[in-house]
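We begin with a single chain expressed as structure tokens, specifically the form predicted alone.
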Amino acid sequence: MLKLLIEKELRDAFGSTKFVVTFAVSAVLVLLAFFTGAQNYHTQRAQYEAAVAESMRGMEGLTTQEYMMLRPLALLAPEPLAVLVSGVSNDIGRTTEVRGQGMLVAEGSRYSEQPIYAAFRILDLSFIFQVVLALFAILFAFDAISGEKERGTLRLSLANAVPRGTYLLGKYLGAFLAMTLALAVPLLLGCVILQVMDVPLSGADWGRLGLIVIGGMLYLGVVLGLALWVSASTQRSSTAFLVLLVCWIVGVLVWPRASVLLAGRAVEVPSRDAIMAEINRFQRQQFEESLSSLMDIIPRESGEDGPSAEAIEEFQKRQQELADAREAEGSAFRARVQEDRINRLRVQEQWALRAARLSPATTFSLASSTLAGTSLAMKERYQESTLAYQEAFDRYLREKSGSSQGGGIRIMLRSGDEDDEPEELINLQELPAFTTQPVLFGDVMGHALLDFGLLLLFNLISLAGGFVAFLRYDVR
């Protein structure tokens, strides 16, 4: 019986105008997302490689006496799957000027360079599932029960001793399979486009892309189940469509943003400007103390040719000790202030994400961005990579020059009889290379399991609600 109901639903769907429209629009949007995504990846890759080369050119010509002027850039390379699920990849800073010591600030988000995309956002796979296909799912099922009643076919179908639960399940599976078939062809063609356009996806990347599509289908299943529930709770299909449209607006557009606002009210986080002002006040205090300390240890007695080599060596040794102590104190203060802000941000984000996950649309968005490697964890991975690179660069400076690029004042003294040493160019090939932490399949899958579980739960809740409503439905 269930098989016959599913076949009937598929025949009705394939012969309907809404299936043709859904297939045509889905094909165009999906293929456009894959094609433009592949183009954008190659463009972003070329820009990234040009920026890396320019960073190296900017340091060419520096001599071994100018190690303190080295300013390498930590550049975030484009993630292949980010072109299909952008997440936060365009919002975060992607360029960090690295010093041996001090606070690192990432700048140069893509939206800051091309603000038009921030205004209208990018057409990616997540947007197509979350917004466009969800509306099509509503169109598929909003009149599944109430519309059948209006046409007089519901009473006739149930008169054949069809269990209501079986009838409802047949409606759901038929609509779900029709949506799946409408998406299968353009998605497969989109994968071919990625291959033809040489987007470098590994086996794990293809696996993550497949899970993103599965997550999208689970999300559409929630929308279909909700549509059946509402249709079984109303007597007119026009009423069902209006209620579902309101649910779509609240779930996709309103609730995620309201969750962020509520979390912002619940947990106060100091702004970056306030943190920088506090750090600057501390650094000014260090500056005054540094000046006083250095003036106290400058050699006062010297011969006709200036301070002796022994006095200069002792001065430089004590100066380095003072600089290391100041830098350690400054680093501890910066770390303490930043850690407090980061902890507050994490608590705020956790509250926002927990509340936003009440919306299936947000749950799918979080799952897809996690699998694509473009979730909020992308920013954390980049920050951790830049901090690790800063430590490696600081070790390189200490090894080559004997000192670091710490804050404070440094006074250079030379004895009159010191011979000028020949200046050599810095070998930039010896600079430590910046690399970001890779997106591991096991890690992202572990984080995405929660969202997949929630999507399954939403499916069960929507079907259970539709079943209970249909049991009480008056078919007369």
Partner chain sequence: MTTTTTQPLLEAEHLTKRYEDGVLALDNVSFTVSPGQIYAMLGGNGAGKSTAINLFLNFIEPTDGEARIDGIASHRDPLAAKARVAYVSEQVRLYPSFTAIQNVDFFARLAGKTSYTREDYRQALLRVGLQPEAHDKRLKGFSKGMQQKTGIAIAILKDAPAILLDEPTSGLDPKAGREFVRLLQDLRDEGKAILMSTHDLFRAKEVADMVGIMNQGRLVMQRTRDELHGEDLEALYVRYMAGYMEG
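Residue numbers count along the first chain shown, from 1. Only a predicted model underlies this, so the values are computations on that prediction, with no experimental measurement involved.
Same protein, other form: the form predicted together with the partner chain, not shown, and the subject of what follows.
Novice: Would you check, heavy atoms only and a 4.5 Å threshold, whether Arg151 touches the partner chain in the predicted complex?
Specialist: Yes, contact at 4.5 Å.
Novice: Arg11 versus the partner chain, in the predicted complex: is there a non-hydrogen atom within 4.5 Å?
Specialist: Residue-level check for Arg11: yes, a contact with the partner chain.
Novice: Would Tyr167 count as touching the partner chain in the predicted complex under a 4.5 Å heavy atom rule?
Specialist: Tyr167: yes, in contact with the partner chain in the predicted complex.
Novice: May I ask you to check whether Leu158 falls inside a 4.5 Å heavy atom distance of the partner chain in the predicted complex?
Specialist: Yes, contact at 4.5 Å.
Novice: Pick from Val162, Val88, Leu245, Met295: which residue has any heavy atom within 4.5 angstroms of the partner chain in the predicted complex?
Specialist: Selected option: Val162.
Novice: Of 143 to 151, 194 to 202, 372 to 380, 104 to 112, which is the one stretch near the partner chain in the predicted complex, taking non-hydrogen atoms within 4.5 angstroms as near?
Specialist: Stretch 143 to 151 is the one.
Novice: Within 440 to 476, which residues come within 4.5 Å of the partner chain in the predicted complex, counting heavy atoms only?
Specialist: Contacting residues: Val475, Arg476.
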